[in-house]
Structures are given as C-alpha cells and as structure tokens.
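This document opens with one chain alone, in structure tokens, the form predicted alone.
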C-alpha cells in the first residue's frame, strides 16, 4: 500500500540537544497508528515533522502528492469573552454553512451549530475540533490528544467515532495519546517513542514488550470494553439491547477507578 507519509531515519536536535533520533514511521490509508511515550519523548516534535512544520536534521520525509491532512490540536484556547459561535469558528476554514453543518452532523453535534464556543463541554469541544479537521476532506488525520478533557466513557465514544471515520474515509490516522487504558484497544499499531522508537507493533505485542514495560510498568493492561450499548456525548447510555440497559451502570469501573487514583501512566 502506498504510504501517505514515510519517515526514514528522521532525527531532530535543538540547541545541541537530541530530541529525535533515527525514527522510522509509515502512515498508510485505512490504518490507525497511535504514538505514545513519556513526557519529553519527542512526540510533539515528531507530529510537527509529519505536519511539515519542522524539517528533520537527518533522515528523510516522503509525502504522497495526493496528501491532504486534517489536524486536530491538543488544546484550543479561546477567550471566553469572545462572542464566537461554532459555525463562525468552522467558517474560518473557508467552508460554507452547509459544509460546516454536514461536518458537525457527522461528529454528532449539528444541534450546536449556533452555540457559543466558550459554552461547549470538553467532549463537545473535541468533536467541534474533529469536525474542523474533516472540512479538508483529509486522507490523513493527525489527532493530538483527541480525548483531552473528556471523561472515560466519553473517550470511548470518541475513539469509536474515530474508528468509524477511518472506515468511511479510508484515511490514515496518527493519534498522540496519554490514555493507555482505552487507546490501546482503539488502534491498529502502537509506536512507543522515547527520543527513538523503543518498540512498535500491535497493542498486544507492544504491551508485553520489555521496553514498554520498563517505561510504563508491568501493571499497565489493555482495556477491553465488551457491551451491547452505546454512550452519548455526556457519557450516558443511549442505546442497548434491552430497555434495562438504559438504567444499568456500565462496567467502566476499573478504568474509572484507575483514573481517579492517578494510576494511569503519564505517557
């Protein structure tokens, strides 16, 4: 399969400090790659190289001539006193109202098109940013911490949406994430970075790799959620095989407790 972006031996230094060294990365259509690593591992620098905002000092970057990138930033700081509505924010990307509405509808928040951006919840904000990334009709989505500020069950719903978009658009996806418990079950390939690529492969392969265990500990486990219902924007159960599921408590207890106790690794 033709790569959308291919990095070979990419390295980057700042002020004589090596940030990345000999990194290989291959992003292809229809595949979700998740980038993890400790703070200071070089994840942001690598994303900037993928986006073309930085050039590597060593190695090479090959880009497909058909490459169209949709980028979702980790955070967006908007002055809460700024009278900016969702539709106007999306129109900054040079899209008309109908196109913006279609993108919002696809991510499940079309009803918020006239809402002030400052009044959006964490999950709604992330969905708005994802809608903006879709306006470019990308064949590569770069998602930097796409579930930032979203609770555990809301994270699962967003990861499910990201998987659906991958299937519908047949696009490649590069995600950066700190949320190992859920993201490891929502990706095809994991790249563990610590200035260099420590290990990479399927989530099952990486989770038992000695270098991964050395970074994050042996207790880090894949989080697999089996259920017959769906979650809405605000984490409630909105659909189930039986009506009783609507009032049932979903079994996210392990991941939620881990988050409360601070036992999730800081990736």
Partner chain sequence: MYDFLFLALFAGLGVALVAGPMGSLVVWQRMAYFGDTLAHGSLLGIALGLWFSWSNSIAVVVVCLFIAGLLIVFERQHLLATDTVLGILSHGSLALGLVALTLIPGARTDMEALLFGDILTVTTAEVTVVWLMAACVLIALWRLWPSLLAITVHEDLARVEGVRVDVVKAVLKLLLALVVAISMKVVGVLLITALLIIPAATARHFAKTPEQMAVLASIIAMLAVCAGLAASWWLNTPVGPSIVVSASLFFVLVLAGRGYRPLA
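From a predicted model like this one, the values you see are computed outputs, not experimental measurements. Positions refer to the first chain, counted from 1.
The protein also exists as the form predicted together with the partner chain; that form is not presented, and the subsequent description refers to it.
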property	result
The partner chain in the predicted complex reached by all of 196, 201 and 212, non-hydrogen atom within 4.5 Å	no
Option from 159-167, 173-181, 101-109, 67-75 whose residues, in the predicted complex, bring a heavy atom within 4.5 Å of the partner chain	67-75
Non-hydrogen atom contact residue 79 with the partner chain in the predicted complex at 4.5 angstroms	yes
Heavy atom of residue 208 within 4.5 Å of the partner chain in the predicted complex	no
Contact test in the predicted complex: residue 63 vs the partner chain, heavy atoms, 4.5 Å	no
Heavy atom of residue 139 within 4.5 Å of the partner chain in the predicted complex	no
Within 77-95, the residues that have a heavy atom no more than 4.5 Å from the partner chain in the predicted complex	77, 78, 79, 80, 81, 82, 83, 84, 85, 88, 89, 92, 93
